[in-house]
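Heads up, the chain below is alone and in the form predicted alone; it's given as structure tokens.
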């Protein structure tokens, strides 16, 4: 008889685990709290426009890597999925001067040297380190603790230059990296795409993903990608149950017997994979005492933080001069919750014409929010939903005014489509402190890697982006596959 696996959470990690287990001959059911699968890899429509919540780039779009093969196996890529090939990471304009982090590293180098010849040594070292990190890959074949000498030799051979780059930036934040440059525009530019308190190496690695041609975007957006993956899962015989929030994992001794839904229904199974937010798992689904020590350090030590965002999406009527990438510009300072903002970033989705009706465009602005900002938004929403919505729209109006002042040709042509906050992520995805990515390690501590097992429970496994590093889609998918691998290994079955 087939062994049954209950997967809690129909995000990328849960669906990845389900697909691999179905292929290996298991009987699986995914319990998803929302009406749409995908978790934070999602989008929605407003007035005929598509709003995308997730994709800035997708690591693993370059042919030939294990991660690329994983994306094809689960339906994220492959088949008739077209790819938008990014020309740049992002740009920043200030006082008539522009810094652009192009896909073409030599072009970036030439433009930076022209802008800031006084920073030649730093610029050349920066470019060379990005080039070295282009070979970085995300291991997805088996869990790290199950890798043998041959696995590590193979991985090391493909990333031989990376340890030296990691050492060069050890103990540095992006903010620290920026402050090694003399040119003020370059300094500010480096701190815009990724929160500046993040490790400096995370910027190098992210930019290297773009320059390597390994960070492009599947057309159709995040929602279409999640629906493709869900379709692939169901085509393999998997059962996806939507609108099925889970109340708790049913435990007897050291064995999980199944999952209890909020409506009181119990789903029984031989294994359980918890593929939701880590905080939610160990405050709702399981008692906190089951939390792995590595995760506990992240939640309690004070050396790890999370971030989120306030977002506003606008429809644009007619022509404009927004590029098809993310561009940042200076504007009058404003307060968003407890964060002061005087540099704003616009992402234009014209590269995907399915996002807007003919002759129109959709743009989005994201303003990074801290854990303290989350508390502001959560408290406001809980105490007065009316004031919460009013504040969101007031801030969106302030953002629109700054866009129109900086881009006069769109004055009177912007229409607000939607806004969302850190409290939205908490409500929709049970996200810890409204975070849409996992913990960021402070510059002087190591990122934590958590095994996807739960001590004292023999048949419960973990999946999701919270188990490693800064998280994101590649980590979520890898951890989903690793959870499937552990179950298959226990049952002496190959994935």
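Numbering follows the first chain given and starts at 1. None of the values given here were measured: they were computed from a predicted structure.
FYI, the form predicted in complex with a small molecule isn't displayed, but the following is about it.
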Exercise. In the predicted bound form, do 56, 275 and 465 all put a heavy atom within 4.5 Å of the small molecule?
Worked result: yes
For this session: Heavy atoms, 4.5 Å, the small molecule in the predicted bound form: which of 196-204, 148-156, 97-105, 238-246 makes the cut? Say which one.
Result: 238-246
Exercise. With the partner left out of view, is residue 436 within 4.5 angstroms of the small molecule in the predicted bound form by any non-hydrogen atom?
Worked result: yes
Exercise. Is there a non-hydrogen atom of residue 429 within 4.5 angstroms of a non-hydrogen atom of the small molecule in the predicted bound form?
Worked result: yes
Exercise. Quick one: is residue 425 in contact with the small molecule in the predicted bound form, heavy atoms, 4.5 Å cut-off?
Worked result: yes
Problem set entry | Touches the small molecule in the predicted bound form: residue 19 (any heavy atom, 4.5 Å) | no
Exercise. Among 469, 452, 38, 43, which has at least one heavy atom within 4.5 Å of the small molecule in the predicted bound form?
Worked result: 38
